[in-house]
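To begin, one chain is listed below as structure tokens, in the form predicted alone.
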Amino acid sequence: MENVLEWLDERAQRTPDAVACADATNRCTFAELHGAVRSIARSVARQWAPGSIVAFYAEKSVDVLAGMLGAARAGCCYSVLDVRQPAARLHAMLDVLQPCAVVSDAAFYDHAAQMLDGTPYEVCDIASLRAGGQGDANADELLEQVQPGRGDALYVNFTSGSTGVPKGVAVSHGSVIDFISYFVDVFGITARDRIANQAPFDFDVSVKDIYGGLATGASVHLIPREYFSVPVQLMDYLCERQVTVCTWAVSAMCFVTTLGGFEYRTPDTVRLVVFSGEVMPPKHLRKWQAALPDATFANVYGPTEVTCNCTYWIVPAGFDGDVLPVGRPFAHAQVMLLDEQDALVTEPGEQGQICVGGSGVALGYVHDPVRTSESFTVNPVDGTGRIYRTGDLGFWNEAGELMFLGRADHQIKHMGQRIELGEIEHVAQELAGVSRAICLYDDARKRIRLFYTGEVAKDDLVAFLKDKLPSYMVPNKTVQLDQMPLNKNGKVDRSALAQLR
């Protein structure tokens, strides 16, 4: 298999009338999606060269999905941009991408045109691209000449950069094909499933939804972003769509339990919940398990640079532990721990940096060879193949499962002691009445700061921490919040927390 569009071709032939994708107001079958993709691809192929990057500025929708796949069918690479980000950051991302065009829809076209006025970036309308490519036999011949291969870039997703410049991670068709093939097999996703898409299209959690649906024939239901502020709408959507699979960020799951979503309505058709992005607080997981006792729950791990995920751990029935492993590697991934001298760490309990090899490793950072060479290196253990150095710390437990410790840059030295901030967070969340806890280190003032949500009084939490932690690990300042600030991907926004005083 050479490219992800082969999945769509197959589905359009085998199950043309089955629902491929639906948003809040629109839906399309596999045959309809296939037709829309080819129409858009004809327009793209006529105007821009294979290998070009096409940026999308719009909220997720059926039409935007067709646009993304249409760009890919024309041999181009797509990148979806968050419509809520400031203009300055949007311009910085476009400067990284250097796209041939920015594609928008009716809802955001005027906004995009206004923000990009005076820039070299052309703004195009998805509907016009689709209309302009209908019934063009000459363009069909052109499409046959630009078939993307396994090694060609499919999409670019952005991650934050330590230098303040966002990094665009380019991922190939082959990486997505290999990961999705194992992902749907491990979790038994089939054409009978209805996948509830939580993540925006610029977040790689959505890759599992989009291509899991194409690979298996499952229908993908796009949950509007605003529903994750209104639990009644969210739970109604899940129930009315009779969804069976949720591949969600941890913060989205915590939103449901914190605001009492299950007390209103339970989507009892859900059979599989796969979560990622952050450490899952066990108390929130147990609420989901209690609401969906027959469902399978799985913890998956992996940064954007390794194509979604490289490890998984299926939560055993009746699990009541305090720490969840991130598990074992998917079959396409090589996961290892390396010490500071790049020696392999194999002893249970011994800490190392998580490094990942295999076919899921991304192509690198777009137009940034320096940072690519720093993070994507030759495997130092055997001198062959590429690995990605995640910057995450972990260890193997006695069962041979990978345990996640936290970011290497979340490890601090305070009062002469090395401290993992994640340990403080974990202890704080053990106290009844604490729903979430996030710990930061103010290096300039040499102070540990803890932010938490929940009804427990601050003095009670501080007393609890003093009882559980050595004195040098007790936060210098503890702040109670009504809710955690979230970034565009639904993760806790640590940068926003750092600005709070």
Partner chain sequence: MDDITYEDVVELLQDVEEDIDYDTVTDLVDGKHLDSFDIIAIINAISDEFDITVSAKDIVPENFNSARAIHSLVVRLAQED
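All values derive from a computational prediction rather than experimental measurement. So that the term is clear: the rigid core is the largest set of C-alpha atoms that superpose within 1.5 Å between two forms. Positions refer to the first chain, counted from 1.
From this point on, the text means the form predicted together with the partner chain, which you will not see here.
Colleague: So which of Ala343, Val323, Met415, Val165 gets a non-hydrogen atom within 4.5 Å of the partner chain in the model of the complex?
Modeller: Residue within 4.5 Å of the partner: Met415.
Colleague: Which residue, Cys124, Met280, Leu393, Leu259, is the contact with the partner chain in the model of the complex, using a 4.5 Å heavy atom cutoff?
Modeller: Here the answer is residue option Leu259.
Colleague: Go through 25 to 33, 65 to 73, 445 to 453, 50 to 58 and give me the stretch that gets within 4.5 Å of the partner chain in the model of the complex, heavy atoms only.
Modeller: Single hit among the candidates: 445 to 453.
Colleague: Decide if the three candidate residues Tyr264, Val462 and Asn476 all line the partner chain in the model of the complex, where lining means a heavy atom within 4.5 Å.
Modeller: Heavy-atom distance to the partner chain in the model of the complex: all three under 4.5 Å.
Colleague: Is there a heavy atom of Lys458 lying 4.5 Å or less from a heavy atom of the partner chain in the model of the complex?
Modeller: Residue-level check for Lys458: yes, a contact with the partner chain.
Colleague: Lys466 near the partner chain in the model of the complex, any heavy atom under 4.5 Å?
Modeller: Lys466: yes, in contact with the partner chain in the model of the complex.
Colleague: Is there a heavy atom of Gly132 no more than 4.5 Å from a heavy atom of the partner chain in the model of the complex?
Modeller: It does not: once the partner chain is placed as it appears in the model of the complex, Gly132 has no heavy atom within 4.5 Å of it.
Colleague: Would Pro224 count as touching the partner chain in the model of the complex under a 4.5 Å heavy atom rule?
Modeller: Result no; Pro224 lies far from the partner chain in the model of the complex.
Colleague: What residues, if any, in 198 to 234 have a non-hydrogen atom within 4.5 angstroms of the partner chain in the model of the complex?
Modeller: Heavy-atom contacts to the partner chain in the model of the complex: Phe228, Ser229, Val230, Pro231, Val232.
Colleague: Aligned on the rigid core, do the two forms place the Cα of Arg46 2 Å or more apart, comparing between the shown form and the other one?
Modeller: Moves: no, less than 2 Å.
Colleague: Kindly check if the Cα atom of Val479 is displaced 2 angstroms or more between the shown form and the other one relative to the superposed rigid core.
Modeller: Yes: Val479 shifts by at least 2 Å between the shown form and the other one.
Colleague: Note whether the distance between the C-alpha atoms of Asp392 and Arg418 decreases (closer) or increases (farther) in the model of the complex, against the displayed form; the change is 3 Å or more.
Modeller: Nearer in the model of the complex, by 3 Å or more.
Colleague: Answer with closer or farther for the CA-CA spacing of Tyr472 and Leu405 in the model of the complex compared to the shown form; it moves by 3 Å or more.
Modeller: Relative to the shown form, the pair is farther apart.
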